[in-house]
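Shown next as structure tokens: one chain only, the form predicted on its own.
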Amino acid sequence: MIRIEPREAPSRWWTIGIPVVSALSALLLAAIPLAAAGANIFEAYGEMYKGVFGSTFAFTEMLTRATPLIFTGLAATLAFRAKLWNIGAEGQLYLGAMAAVVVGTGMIDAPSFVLIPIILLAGATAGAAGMAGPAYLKTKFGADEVVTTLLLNFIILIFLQMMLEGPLKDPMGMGWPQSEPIVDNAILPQLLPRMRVHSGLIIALVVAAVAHVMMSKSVWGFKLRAVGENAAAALHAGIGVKRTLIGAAVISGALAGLAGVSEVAGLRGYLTTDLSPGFGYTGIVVAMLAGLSPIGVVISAVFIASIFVGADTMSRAIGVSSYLADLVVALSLICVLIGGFVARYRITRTTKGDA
């Protein structure tokens, strides 16, 4: 007879090792379809490596791709810690981007050191509002936040399309559904000349450090973890479960909104419906691969961004589909889930007498 038993609390080595082994396992498993496509495995991964670390430009492109993933990964991490399943970071990202465009295209005439914090605050507020509704429905009526946040993504995207064909449409855009460009004073400064990496990366790293301190050292972080581990016990101990959930939801949405501001004000300069290639959904993988650790999110985001950027280079160099990156990301998530199961449970064989 096979029996699944819970393990004691996993050791630190388990916690660190599972994401690393998961990432390596995903790369090894991805070698199978690569070989089936007739590609040389070593050449393919060599081109992927050069596509990320082969030049300063390649490395900065990877960091540019990692920036919104840090924000959305932190958004998922914070919510998931409280067992609040925020699947709406994609929509919250677009809300943050829309708020940045509304404020940053001439509504306020101010110098950069004033205007940039204002658009960051506007984007965070818009993203927070996008998550506040589902959180209220969950705490008030018990609505499933997976459903409400997921469906809200589509509502927000339709609303965005309407806005880009109406009030936000650039009259000089030759009919394309895009917003007016953000004014120069609202653009996030570049970190290196002639490179696309911008100061949104610095903001993301600072936010990750603050999130780490808040979640591991503060009373609020303790309450968040307590609610996530056992909401009933937390309520019995006097912790305001509903208040904690709503607080986590609002901050999670704000972080996703900052991802939208980062992309609009740091990279594109204007808003379109294809601003995000799925950063909100990929952020969930980033959070899971990081083991819901804010510092781990940074490392995980860099890994996922390296896969996407490296796969593009590999695709051009040896003619292999760039969709391999999506495959590696999916395999990473599967491996993380399997690793998490192995860390929490052990499988034992028993005899009839033992049972």
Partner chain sequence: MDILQILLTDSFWAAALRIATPLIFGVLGALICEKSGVLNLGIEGIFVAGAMAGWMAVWLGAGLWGGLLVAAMVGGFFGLIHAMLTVPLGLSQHVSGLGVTMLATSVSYFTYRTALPKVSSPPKIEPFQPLDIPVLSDLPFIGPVLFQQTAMTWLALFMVALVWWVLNRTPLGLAIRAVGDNPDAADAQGLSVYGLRIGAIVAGSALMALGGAFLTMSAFDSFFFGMVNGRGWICIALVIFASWRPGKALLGALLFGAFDAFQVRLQTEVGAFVPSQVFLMAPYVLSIFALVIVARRAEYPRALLQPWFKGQR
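Values in this document were obtained by computation on a predicted structure and should not be read as measured data. Numbering follows the first chain given and starts at 1.
Unshown form predicted together with the partner chain; subsequent notes refer to it.
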Residues in which of 136 to 144, 89 to 97, 117 to 125, 222 to 230 have heavy atoms within 4.5 Å of the partner chain in the predicted bound form? 136 to 144
May I ask you to state whether Val207 is within 4.5 Å of the partner chain in the predicted bound form, using heavy atom distances? no
Please determine whether Ala317 contacts the partner chain in the predicted bound form, using a 4.5 Å cut-off between heavy atoms. no
Indicate whether Ala37 is a 4.5 Å heavy atom neighbour of the partner chain in the predicted bound form. yes
Within 4.5 Å, heavy atoms only: does Ile338 come near the partner chain in the predicted bound form? yes
Please tell me whether the candidate spot formed by Trp85, Gln161 and Ser321 is one where all three residues come within 4.5 Å of the partner chain in the predicted bound form (heavy atoms). yes
In the predicted bound form, the residue from Ala265, Ala248, Ile284, Val103 with a non-hydrogen atom within 4.5 Å of the partner chain is Ile284
Contact residue in the predicted bound form, chosen from Ala58, Leu27, Val302, Leu327 - any heavy atom within 4.5 Å of the partner chain: Leu327
